[in-house]
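Quick setup: one chain, the form predicted on its own, written in structure tokens, and binding and motion questions come after.
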Amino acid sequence: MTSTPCILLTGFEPFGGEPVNPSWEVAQALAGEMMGSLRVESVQLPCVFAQAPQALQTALAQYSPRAVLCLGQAEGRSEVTPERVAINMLQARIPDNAGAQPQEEPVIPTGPTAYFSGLPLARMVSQLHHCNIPASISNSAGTFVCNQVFYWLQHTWGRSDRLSGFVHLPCLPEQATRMAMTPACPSMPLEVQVRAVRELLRVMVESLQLSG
């Protein structure tokens, strides 16, 4: 357990044959930064259904964070998109990094249909717009490992007095050049994504200060 109060920031390992994942590149870049009195602790999660929740649970136990922000890659999106809701459903379009491809399986069999984010979504998007960074609230976190982690976080750790949630990031420019998509895959430079997530973390810290 760390003795320094912190915000836990997670990103995923690369998946789908890609050598990089913007979520982990951003999380790495922000590791160790101080947001007010809180240190950013960055943890990489496996893109594996059978392992990701346990990896997050281990990180939560190790760091006892004041707040948690999980990041993921959203191929095809051009904006930074804080997610509003996690659903209790796994429906994998492609296999995870262990080859698993669940179809219409619950994240937690006894869990409710969905959980809402515990983040100040409107304030976060407004702050990014103020910084001229494209952003919008998303109403679907998908049904892959990102949604699984988001749902599991809210089910096991999130509550009304805690800040926790999920944000999807666009692909990086070097990924977009490798993806054969029509129209072309949108992307956002790493430095812009890092700046965006830094601003989101600052909004979270301000929210913690306001709540006492």
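If you're wondering where the values come from, they're calculated on a predicted model, not measured in any experiment. The first residue of the sequence shown is number 1, and the count goes up from there.
Only in words, not in the display: the form predicted together with another copy of the chain, which the text now covers.
Heavy atoms of residue 46 never reach within 4.5 Å of another copy of the chain in the model of the complex, leaving it off the interface.
Residue 185 belongs to the set of residues with a heavy atom inside 4.5 Å of another copy of the chain in the model of the complex. Interface residue remark: residue 79 is counted as part of the site for another copy of the chain in the model of the complex, having a heavy atom within 4.5 Å.
With a 4.5 Å cutoff on heavy atoms, residue 140 counts as touching another copy of the chain in the model of the complex. Here the chain stands by itself, but in the model of the complex one stretch of 172-180, 38-46, 61-69, 23-31, 172-180, has heavy atoms within 4.5 Å of another copy of the chain. Against another copy of the chain in the model of the complex, the set 84, 91 and 192 is in full contact: each member has a heavy atom within 4.5 Å.
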